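In structure tokens, one chain follows: the form predicted alone.
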């Protein structure tokens, strides 16, 4: 015991950070690693809700073969619209967020009130925001159709198969663009002024200042915002579930909703749903890795 305690003390001297990192590592193990391992193990079985342990059998990679062979109807479509929704939604949020941040970076009265208003959508839970948008998208009594009918004399069936994807996109962009705006605004406020002063003396216009100074200095922050929003958009669930429940048909059946319907809907195939969840985790990890590599290359450059 004495030798062990001496060895333990020597290791602590060599690695003094271990006592501080260990509690976080234990929490991460319990809340992230173990559930991830559990989901992967379940994806290798035929487990269904309500089935006893004696009826569970090991299937190996059969659930994954079912997904990628096309036997699981709607899987590839769910992956496609999830990725498309992520790319389109993130791009719109980044563009609108940058425009709003640049406007917010100007001097004007009541700026604090504007910032407070921007915090309101972020503070709302997605389910509450979705209920509000569901009322506004109502084809008969919604306020959006009221103004459209007043101008054009026609109404739009916002939650129909033709417009459901657009409706989910609008609600999502509305709720999360303020987050991007405030992050980019904070970045703009922290930029040094000397490069701008030198460029103005050399005759640079506003577009040249933005392109050659602002964007390069904010590049890492922009990539970080894009990473955070891409991950959230890819695993979106709350807003499409409340607005459309994945319908009509498969119009908004994103991969997260497909997982929910397969595992906890009418089918209760938890094993198959777990395999889809693993695919979603892999997609998120690949996108995160790609953006991290871009960030590291920009730092090296």
Partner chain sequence: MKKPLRKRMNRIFLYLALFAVCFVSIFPYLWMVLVSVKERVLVYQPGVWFFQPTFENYKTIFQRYDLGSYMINSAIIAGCNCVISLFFGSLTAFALARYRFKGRKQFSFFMLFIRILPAVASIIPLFIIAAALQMLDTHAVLIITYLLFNIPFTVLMMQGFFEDISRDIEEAAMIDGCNSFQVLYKIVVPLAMPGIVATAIFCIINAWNEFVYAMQLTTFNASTVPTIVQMFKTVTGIVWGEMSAVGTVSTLPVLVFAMLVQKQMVRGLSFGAVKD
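Just so it is clear, the structure is predicted and the values come from calculations on it, not from any experiment. The term rigid core refers to the most C-alpha atoms you can superpose between the two forms while keeping them within 1.5 Å. Positions refer to the first chain, counted from 1.
Below, we turn to the form predicted together with the partner chain, even though it does not appear here.
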Give a yes or no for residue 208: in the predicted bound form, does one of its heavy atoms lie within 4.5 Å of a heavy atom belonging to the partner chain? no
Give a yes/no on whether residue 85 approaches the partner chain to within 4.5 Å in the predicted bound form, heavy atoms considered. no
Is residue 215 close enough to touch the partner chain in the predicted bound form, meaning at least one heavy atom pair within 4.5 Å? no
Can you work out whether residue 147 and the partner chain are in contact in the predicted bound form, taking contact to mean some heavy atom pair no more than 4.5 Å apart? yes
Only one of 166, 200, 92, 182 gets a heavy atom within 4.5 Å of the partner chain in the predicted bound form. Which one? 182
Is any part of 112 to 127 within 4.5 angstroms of the partner chain in the predicted bound form by a non-hydrogen atom, and which residues would that be? 112, 114, 115, 116, 117, 118, 119, 120, 121, 122, 123, 124, 125, 126, 127
Flag for residue 282, CA shift 2 Å or larger between this form and the one not shown after aligning core: no
